[in-house]
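A single chain comes next, written as structure tokens; it is the form predicted alone.
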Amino acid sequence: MAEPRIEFHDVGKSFGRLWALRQVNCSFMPGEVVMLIGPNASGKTTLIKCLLGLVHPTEGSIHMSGMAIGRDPSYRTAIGYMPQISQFPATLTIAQLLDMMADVRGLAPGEPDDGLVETLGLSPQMDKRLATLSGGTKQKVSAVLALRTRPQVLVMDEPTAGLDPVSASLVLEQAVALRNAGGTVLITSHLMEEVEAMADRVAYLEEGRLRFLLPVQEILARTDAKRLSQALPRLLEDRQLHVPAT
């Protein structure tokens, strides 16, 4: 059996007296897409930030490929991150940004996979300054940055927000291709139908706790529903539900 790619062990994160995460235990495997969902302020963003090293757990530990994540950020070279809202240097062009990030990652010329640049129609816009781009075009640039290094782990926070339907489909197809090549993909999205077809498991957070982490088909079978949008409310009616996160 494959070893977990990512492991959370009793992870908690507090901001003063407020606990954003409490006793989170779960693992994410190579070759799977996990959909992270939950109400606003449920802990999804904090969980992602802990994984990325943007904040550090107050208690517990996180392991990636068997190694504990500490304050050395070198492990992040194996992670591609597509935030919901990207903050780019306004005066750079798309081409300059891609070159700069390749240098930061220590990539050799020709090493980055920039096929998505062409696929998303960015090639004619490479000399445009980032400050002049529409929100949708910035999302495309963010997708390219997240995927061009062929990461072991891909984290996507509302990845299709602002994208047209064709571009959204192309970006999600790239995520599936990464999963099929053995990558681990974590996606937060409010559009369950959009991601349902590609998700292997669903992690539901509520008030900072992981309430369950289950395969999509098991959720549907438990609730006798055909769609996640129907199944989740039924599943959550059981306030005693707590399925071990495996």
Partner chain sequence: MNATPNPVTLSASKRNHPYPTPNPVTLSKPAPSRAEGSKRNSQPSTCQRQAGPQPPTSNLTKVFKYTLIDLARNRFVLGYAVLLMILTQGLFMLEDDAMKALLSLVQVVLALVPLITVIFTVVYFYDIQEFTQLLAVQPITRRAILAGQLAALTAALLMAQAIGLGLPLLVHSPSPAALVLSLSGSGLVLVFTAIGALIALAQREKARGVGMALVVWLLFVLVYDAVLLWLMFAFSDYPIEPFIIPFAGLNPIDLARILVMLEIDLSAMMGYSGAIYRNFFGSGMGMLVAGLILLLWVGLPVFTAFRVFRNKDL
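Positions refer to the first chain, counted from 1. Please read all numbers here as calculations on a predicted model, not as lab measurements.
One more form of this protein should be noted, the form predicted in complex with its partner chain, which is absent from this view; the next part is about it.
Among residues of the shown chain, residue 52 is one whose heavy atoms approach its partner chain to within 4.5 Å in the predicted bound form. Looking at residue 74, you'd find a heavy atom of it within 4.5 angstroms of its partner chain in the predicted bound form. Interface residue remark: residue 103 is counted as part of the site for its partner chain in the predicted bound form, having a heavy atom within 4.5 Å. Not displayed here, its partner chain is approached by residue 178 to within 4.5 Å at the level of heavy atoms in the predicted bound form. Among 119, 125, 152, 137, the residue placing a heavy atom within 4.5 Å of its partner chain in the predicted bound form is 152. By the 4.5 Å heavy atom rule, the three marked residues 9, 59 and 234 all fail to count as contacting its partner chain in the predicted bound form. Contacts between 160-187 and its partner chain, taken as any heavy atom within 4.5 Å in the predicted bound form, involve 165, 168, 169, 172, 173, 174, 176, 177, 178, 179, 180, 181, 182, 183.
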